[in-house]
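We begin with a single chain expressed as structure tokens, specifically the form predicted on its own.
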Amino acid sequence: MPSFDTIVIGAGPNGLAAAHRLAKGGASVLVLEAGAVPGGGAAALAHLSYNLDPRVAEGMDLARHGLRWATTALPTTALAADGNHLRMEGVLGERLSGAVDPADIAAWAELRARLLRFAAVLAPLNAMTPPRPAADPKNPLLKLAMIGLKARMMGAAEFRELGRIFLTNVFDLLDDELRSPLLKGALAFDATLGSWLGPRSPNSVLPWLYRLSGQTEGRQGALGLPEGGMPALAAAMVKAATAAGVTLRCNARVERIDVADGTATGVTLTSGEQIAARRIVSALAPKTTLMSLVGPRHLDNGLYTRARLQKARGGAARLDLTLSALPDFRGADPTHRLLIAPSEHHVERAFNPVKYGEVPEEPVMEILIPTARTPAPDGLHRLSAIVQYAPHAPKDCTAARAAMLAACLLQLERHAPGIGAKVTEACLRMPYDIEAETGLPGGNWHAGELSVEQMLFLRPLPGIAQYRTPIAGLWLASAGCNPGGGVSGTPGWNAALAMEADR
């Protein structure tokens, strides 16, 4: 039976980040990937980078392994059906032009600065092992005290405002401060993207602050686009991990994690092959790991029940179109990120039917046309869109997919007349398709909903928020752990640090 110090299950960004750090520390590491290509299916579904961990980028030396940026501050155009668009340039819409109320320019500048300050205060929480609610000598008390002091040093008024918006929702926050529908729609879309939250959902501001705490090449809140798209980022991570000595095997699906006397001893593949290791690191969703790979036999009833009940509803679909010609979105720059989210009300209305397993009539979406920046060799154009929202558990999956595709194409036609005639191929992946393809429960891109009750020491579940499980030698390192999703590598890096501290 082959043997390694560590087996990492899943070659996504978090699995590769953990494997790289452990291998650099001297461990023999095997990464097992169920798919034919490493890099992670969820990473390939993402459009942009907004939270690549600087520790991961520098520690894995991703630039040396081929990571290049097409842009580290991608502009956004919020589309209007009449062509009177809103343009947001610079980091987090630092500069506004087009369809914006003049009063909103100053109001947004103030709100933008406040949000970035609040997100910066919370950012250190991303890079630490969450504290235990009970007294524990391993709790990072000094780090927590420094975060609290930093928040308090903003001043009494700012400190109160931070507490207030923690308890509010995105819709009310934007409605209180701004007037322009396109601006509010774009911000409401970004705040809820990839989540099971609408703008009016309680506590929807905190996940937005998490998103804004990320950075691209040292620029907080910036949207980065790698040359070659997000798969190029995953490819650089694969090269870095293998250069560090990590052994990588694809088409190697794990059937179960082998456990003896409460200790993880290795894994068994679907082929029947067994591989031993003294430490198993699962970069799959915690729900999948505990329920499918470990199973109730090796877990107490309370933990198994909590895992079964963990909320993991996916609300985003991925649309890919092949086009015979470049579409015209009524004069909008096709190299920008294009948003169809006419107002905060439209974003909320798109969420409402999805809560009941139905398809929205006017979905909101984020659009990229990479061939507008780098022409394809075959002369065709590719358009990809993250469509928000889509039902994860409709009554009839086939009918829902067809209805969703029709609604998306109609929405695109409203903003780019004639685009339908240019479509030569269309592929829509609903949340349930994403689940089947990647194993993410519910098709949720965060491997478990990113909501207030499932963050920090409650992520993924109370009692196992420190990356370790009750099974000795079994660790968790996916986006389902702190701090959450995105193509960041942060949970994997944090898990490796926790393992080093444990050793």
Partner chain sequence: MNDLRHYETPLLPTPFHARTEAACKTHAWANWGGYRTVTTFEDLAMEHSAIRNTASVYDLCPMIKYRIEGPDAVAFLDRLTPRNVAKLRVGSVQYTVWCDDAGHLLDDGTLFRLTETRFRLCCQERHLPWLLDSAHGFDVTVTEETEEIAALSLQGPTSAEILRRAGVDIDALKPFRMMEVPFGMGRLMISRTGFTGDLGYELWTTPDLALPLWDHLMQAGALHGLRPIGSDALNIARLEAGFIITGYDFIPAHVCLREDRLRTPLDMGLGWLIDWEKGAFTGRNALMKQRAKGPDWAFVGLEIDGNIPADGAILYRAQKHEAGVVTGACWSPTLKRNIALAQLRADLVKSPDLWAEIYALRELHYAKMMMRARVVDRPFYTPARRTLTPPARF
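Positions refer to the first chain, counted from 1. Since this is a predicted model, take the numbers as computed values, not measurements.
Not pictured, yet referred to below: the form predicted together with the partner chain.
- Query: Heavy atom within 4.5 Å of the partner chain in the predicted bound form: which of 150, 330, 138, 308?
  - Reply: Partner contact (heavy atom, 4.5 Å) among the options: 308.
- Message: Counting any non-hydrogen atom inside 4.5 Å, which residue from 337, 422, 298, 346 sits next to the partner chain in the predicted bound form?
- Response: Residue within 4.5 Å of the partner: 298.
- Query: Just to confirm, residue 396 within 4.5 Å of the partner chain in the predicted bound form by heavy atoms?
  - Reply: So residue 396 does not count as contacting the partner chain.
- Close approach of residue 82 to the partner chain in the predicted bound form, 4.5 Å, heavy atom: Taking the distances in the predicted bound form, the answer for residue 82 is no, it never comes within 4.5 Å of the partner chain.
- Contact between residue 302 and the partner chain in the predicted bound form at 4.5 Å, heavy atoms? Output for residue 302 is yes: heavy atoms within 4.5 Å of the partner chain.
- Message: Check residue 470 for me: does it contact the partner chain in the predicted bound form (non-hydrogen atoms, 4.5 angstroms)?
- Response: Close contact exists here: in the predicted bound form, residue 470 approaches the partner chain to within 4.5 Å, heavy atoms only.
- Item | Options 73 to 81, 290 to 298, 242 to 250, 396 to 404; stretch whose heavy atom lies within 4.5 Å of the partner chain in the predicted bound form | Result of the contact check: 290 to 298.
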